[in-house]
Each structure stands twice: as structure tokens, then as C-alpha cells.
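Here we start with a single chain on its own, the form predicted alone, put down as C-alpha cells.
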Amino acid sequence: MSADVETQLAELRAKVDAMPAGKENKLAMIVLSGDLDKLLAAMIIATGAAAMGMKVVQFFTFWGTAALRDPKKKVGGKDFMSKMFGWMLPKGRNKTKLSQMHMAGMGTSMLKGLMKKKNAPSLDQLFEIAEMTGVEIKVCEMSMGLMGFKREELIDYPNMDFCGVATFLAEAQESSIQMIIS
């Protein structure tokens, strides 16, 4: 090999070594909304990506956190504002409503009935599938504090963690796909 080719090869190797590492086969998703149709979309996309072999990390924040509340759990020791948010927001994913065409509950009932008729998985089933396929749920601690939610009142989900935005952004930075469901 000539010295010129060796120099070019060394320069090329240096450029390749200096390149940032490739993105992981991972989906990083922000779940901002607590509306039924948007939660369904978030869980369908998450479970679909997991089924394709992708690592999936969901970051539930603001209104999305209400969907993670367990309706069977009671938590005391809340201040007035926390109690008010708890009263105003849905207690769990099965109390969520459509973002459009809610029509005093009729639209939500119609969609759920249609899903059952067409054998589409329910939100509960999608959460079970997400759990089985290793979808990770990260819950925004700041949002929980603002909404007055406590860890003890959330669902039992083995791949759930509590974190701040910096932790999620680190996940998103190394992900090949990032999206927000709002």
C-alpha cells in the first residue's frame, strides 16, 4: 500500500471513530394526554414496536399520569389542591374519555363497544401486552407533584419507574424513534 493510501485510510478511520454512536432500536414516547383515544394510540404504537423487537420507553407526564392511577387504591395525607386534582381527574385508564365526540359519555361507550365487537384489544389488554413485551413506563415526578399524585396510588406495573425529564431525554437521545402523544 502506498503512503498516500495509508494516510487516507488512517484519516477515514479517525473520522469513523469520531462519529457518534448509532441510535438504538428503541422508541421513546411522551404520553402527555389522558384522553382514551390518545392513550389507545400510545399503547397500540408501544406494543406494536415492542412486538417488532424494539425497546420501548414511555414517559407519562401531566394529564397522562392520571391514566396510571389505580382506582382501588386510596391514599391519604393530601393537601386541598391535591385532593381537588384527584377529584377532577379520571381515576385510572378506564375512567378516561374521548378527546373528540365524547357526547356526554355516549361516544366513549360507542367506541368501547365497537372495539369489543371488532375484537380490538381494550386499554386494559394493551397494558397487559405492554407488560408482557417489556414496555417501560417512566412517570414524571414533577407532574405527579403538581397533580398531587403519590406513588402508592398508581398501578402495579413491573417496568415502571419514577424520574425527571433529564432521565427521559437521555433515553430519547439514544432512541431511533421519538414521538409525543398529546
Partner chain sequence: MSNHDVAKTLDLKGLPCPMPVVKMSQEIGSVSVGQIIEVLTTDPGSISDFPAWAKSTGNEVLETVQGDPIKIYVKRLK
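Quantities reported herein were computed from a predicted structural model and do not represent experimental measurements. Numbering follows the first chain given and starts at 1.
Quick note: we don't show the form predicted together with the partner chain, though the next part is all about it.
Asks: Is the gap between residue 151 and the partner chain in the predicted complex 4.5 Å or less for some heavy atom pair?
Replies: It does not: once the partner chain is placed as it appears in the predicted complex, residue 151 has no heavy atom within 4.5 Å of it.
Asks: Residue-level contact is defined here as any heavy atom of the residue lying within 4.5 Å of the partner chain in the predicted complex; does residue 121 satisfy this criterion?
Replies: The answer is yes: residue 121 has a heavy atom within 4.5 Å of the partner chain.
Asks: If we define contact as a non-hydrogen atom of the residue within 4.5 angstroms of the partner, is residue 155 a contact of the partner chain in the predicted complex?
Replies: Residue 155 lies outside the contact set for the partner chain.
Asks: May I ask you to check whether residue 65 falls inside a 4.5 Å heavy atom distance of the partner chain in the predicted complex?
Replies: Flag for residue 65 set to no.
Asks: Heavy atoms, 4.5 Å, the partner chain in the predicted complex: which of 27-35, 42-50, 55-63, 135-143 makes the cut? Say which one.
Replies: Contact-bearing stretch, as computed: 42-50.
Asks: Sequence order please: the residues of 62-95 with a heavy atom within 4.5 Å of the partner chain in the predicted complex.
Replies: Result: empty, none.
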